[in-house]
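The chain below stands alone and is given as structure tokens, in the form predicted on its own.
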């Protein structure tokens, strides 16, 4: 079979139109950003321009996708075939956006994102990778680790397999890496690895930061001094050195990562128990049920995640992933603590907190049900930004070969595996680098939109 071109038969007439649409979208985005800074009166015009050009780009992408579905297989190019492989993602994005636009008036802060062009672009980029991770098994044409096909080492995009087996996909759409594995399959499955670690690790770090930061800011005194000192001590420790220490055989043999996980993974259970106890302290039956279920389910997850001792054998984390997970939580938690503490110091002086104190509410009720909800805006913004930081951190760790297995399809490991031949075969490291950039860009745009809408709210 002949190698594929990027656009196939529709390329000569579709590429110029799509290129113009992309350039127009970039110009509209820049104009909208400048209008927000220098000419606020022009924002409606620039916002409309962003919407129009974004629609034009979307139509160009749909045209490529339609080409993959309508034209004969031999007439389609790499872009059309990749678009066709992502059909579950396009379907999920379409359903999500249609429902969100229809119900945006009822969805609070999330619904307001659909009135912000940058927020929609950021949300679209983030959801693209989220759905890619969910439907990765349906998208990938090859196993990203096991399928090593002879003759496909460092091949350019669109290279055909020499002798494909019956039912086997006939092309490496984005080329082959130094071990003759499909770059496209590894990038798609790498999204599952990255998005399986980054949001969960960030959420755990927030649990730790909230459990410690809210009482430190509200109660003050020696508790605040002690916790702030510990947080500053952790922040002063070099991050890369911490990761190098955690992956050394001697530290692993001592069980240090496991002991760290045992401590850090307790915080979500503690947070939820305190939350339900404070909320339902006047309803003892409901409090007993919610606290009991939290302890039961949380304890089961805790045994599997922290100690790899799930009695049902359903929950476990591989050793390398556990090290990375624990290290990321440990590094992020002190920063979250400082943010939560600062917000609490400000909010505790508000009138509604004084009103709750006058009613005789307990300290934990005031902290978790009066102060914390009113800090949700800055915390949501920081949560999105921190997932982006964690994604970059995971890429850095994978690049240095720390924690994750060497054959892992995560994006950092893929960049490291292809960097030696970057001058001659750029696609193996370039594609995962673009994936990291697009996900982090989407998270940053989403965080900026959340900040704007939370200030209006």
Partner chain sequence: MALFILRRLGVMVASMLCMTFIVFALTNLPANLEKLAKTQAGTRMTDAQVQSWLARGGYAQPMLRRYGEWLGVVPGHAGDASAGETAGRCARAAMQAGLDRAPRYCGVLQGNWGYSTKFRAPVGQVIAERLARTGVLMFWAFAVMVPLALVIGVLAGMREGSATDRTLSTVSIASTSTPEYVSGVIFVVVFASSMVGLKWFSGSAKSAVDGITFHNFTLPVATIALYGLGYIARMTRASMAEVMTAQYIRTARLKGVGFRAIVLRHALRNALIAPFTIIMLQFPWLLTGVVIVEELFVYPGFGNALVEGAQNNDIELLMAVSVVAVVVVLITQLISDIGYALLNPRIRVT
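Residue numbers count along the first chain shown, from 1. Remember, predicted model here, so these are calculated numbers, not experimental data. Between two forms, the rigid core is defined as the largest C-alpha subset superposing within 1.5 Å.
Keep in mind that the form predicted in complex with its partner chain is missing from the display, and what follows is about it.
Only one of the listed residues (266, 239, 84, 317) places a non-hydrogen atom within 4.5 angstroms of its partner chain in the predicted complex, and that residue is 239. None of 366, 205, 118, 305 but one reaches within 4.5 angstroms of its partner chain in the predicted complex through a heavy atom, and that residue is 118. Highlighted residues 38, 49 and 376: none comes within 4.5 Å of its partner chain in the predicted complex, counting any heavy atom. Remark: of stretches 245 to 253, 305 to 313, 86 to 94, 167 to 175, the one touching its partner chain in the predicted complex is 245 to 253 (heavy atom within 4.5 Å). Its partner chain in the predicted complex comes within 4.5 Å of no heavy atom belonging to residue 56.
Among residues of the shown chain, residue 63 is not one whose heavy atoms approach its partner chain to within 4.5 Å in the predicted complex.
In the predicted complex, no heavy atom of residue 409 sits within 4.5 Å of its partner chain. With a 4.5 Å cutoff on heavy atoms, residue 229 counts as touching its partner chain in the predicted complex. Scanning 411 to 426 for heavy atoms within 4.5 Å of its partner chain in the predicted complex gives 415, 419, 422, 423, 426 in sequence order. Relative to the superposed core, residue 29 shifts its CA atom by 2 Å or more between the shown form and the other one. In the predicted complex, the Cα positions of residue 250 and residue 412 lie at least 3 Å nearer to each other than in the form displayed. Figure legend: C-alpha atoms of residue 33 and residue 128, shown here, are separated by at least 3 angstroms more in the predicted complex.
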